[in-house]
Ligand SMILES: Cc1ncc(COP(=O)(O)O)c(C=O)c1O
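Only one chain comes next, encoded as structure tokens, the form predicted on its own.
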Amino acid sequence: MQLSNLIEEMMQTPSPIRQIMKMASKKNIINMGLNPDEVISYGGGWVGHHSPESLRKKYMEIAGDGQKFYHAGGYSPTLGFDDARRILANFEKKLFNVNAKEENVIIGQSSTQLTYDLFITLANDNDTILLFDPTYANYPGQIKMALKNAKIIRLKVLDEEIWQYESADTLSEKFKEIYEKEKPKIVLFPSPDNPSSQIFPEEFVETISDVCYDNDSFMILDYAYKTQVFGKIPAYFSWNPEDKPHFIGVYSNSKWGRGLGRRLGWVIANVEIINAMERAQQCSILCPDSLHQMALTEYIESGLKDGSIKKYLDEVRNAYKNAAEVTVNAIEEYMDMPCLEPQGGLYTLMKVMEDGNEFVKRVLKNTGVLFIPGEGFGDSLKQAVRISYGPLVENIHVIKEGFKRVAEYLKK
């Protein structure tokens, strides 16, 4: 059976994200001769807190109302329901002072799907895309699938020697140098970052924005962890789409609302890009999920009025901040290996001083503790692992136990 040349090639280099999820699967754990109930995993790129109870009740109300449930089974407009787009714009206005309107929003199946459609909307097959090193492991595969002949270039943002991210000035100069040489059509990065949970300096992000604007390129900021910043909120979290026509924000409720399996995402950008995205989405998913839009719209609208949504987000943010502190303290106490101080999100990076892939296999086999090899996120992490405290946020005591196990094994 002859499949497409593209998919045959892609199958030879499987998605690091899927490989991560397979490694953490119950079946793989059993095949390694381990008891799944005894395994401690720092591998998951997902959140472990519970969704808002009032959001769950919105789903129950819709399911319990015959007429509402009937409407939830119908098509929504390709851009999403007007009320949903309006309330998502209002959500950003209330929380981050983003001056977006309904027409600046398109709702999709997920941020993953919307990012894929953005590649098709903004770039041609032979264009250049700039990613950071390290960065989210799913981007390169998506680019390859959407733009087969696109050139991917990397801006190294981590100083491997001192195990810290470069300064704003250094990053800005390195970016201007690589931009001048390569002229990328799209610059894409998350902040807070995956896999490092670092927040990129305002001066550096301003430099990217200015250079992209002056050279007719696009800047895409992945806001997956926007509500999970532990300290000062960066100014670029408040950028307005019509003021910066080259700037696109990609969002979802996967992390803050634990909607990982209830997939829904949205993009906020200037009207011209939103209208172009509508045409792309007509060919990819046709329209976003009606039930999820209805439930989220009702939840956000009521939560903004009574203040419950801000209270919920504050509680969730503090829980992950605490989990991050417990993780870093445990690494310092037991591992004596360099790691990054999380500034938001779910992760830290630990330098293991050897091949990360071999370290992960050896540690898992001998201790039942799972880390994720860093190499899938960029060449700068070949001797590192990504550690996620996200799934353990409601089981903090487990975090410390895992590092204690590993340290006892390594001492032998």
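The first residue of the shown sequence is 1; numbering continues from there. These figures come from a predicted structure and were not determined experimentally.
Quick note: we don't show the form predicted in complex with this ligand, though the next part is all about it.
Novice: Tell me the stretch among 248-256, 233-241, 147-155, 306-314 that has any heavy atom within 4.5 angstroms of this ligand in the predicted complex.
Specialist: Selected stretch: 248-256.
Novice: Taking 4.5 Å between heavy atoms as the contact cutoff, choose which of Pro190, Pro184, Pro288, Pro342 touches this ligand in the predicted complex.
Specialist: So the residue touching this ligand in the predicted complex, by this definition, is Pro190.
Novice: Only one of Ile143, Ala330, Ala224, Ile220 has a non-hydrogen atom within 4.5 angstroms of this ligand in the predicted complex; which is it?
Specialist: Flagged contact: Ala224.
Novice: Indicate whether this ligand has at least one heavy atom within 4.5 Å of a heavy atom of Ser110 in the predicted complex.
Specialist: Flag for Ser110 set to yes.
Novice: Verify the contact flag for Lys174: yes if a non-hydrogen atom of it lies within 4.5 Å of a non-hydrogen atom of this ligand in the predicted complex, no if not.
Specialist: No, Lys174 sits far enough from this ligand in the predicted complex that none of its heavy atoms falls within 4.5 Å.
Novice: State yes or no: in the predicted complex, is some non-hydrogen atom of Gly356 no more than 4.5 angstroms from a non-hydrogen atom of this ligand?
Specialist: Gly356 lies outside the contact set for this ligand.
Novice: So, in the predicted complex, is Ser197 in contact with this ligand at a 4.5 angstroms heavy atom limit?
Specialist: Answer no; every heavy atom of Ser197 is more than 4.5 Å from this ligand in the predicted complex.
Novice: Are there residues in 119-137 with a heavy atom within 4.5 Å of this ligand in the predicted complex, and which are they, in order?
Specialist: The stretch touches the partner through Tyr136 alone.
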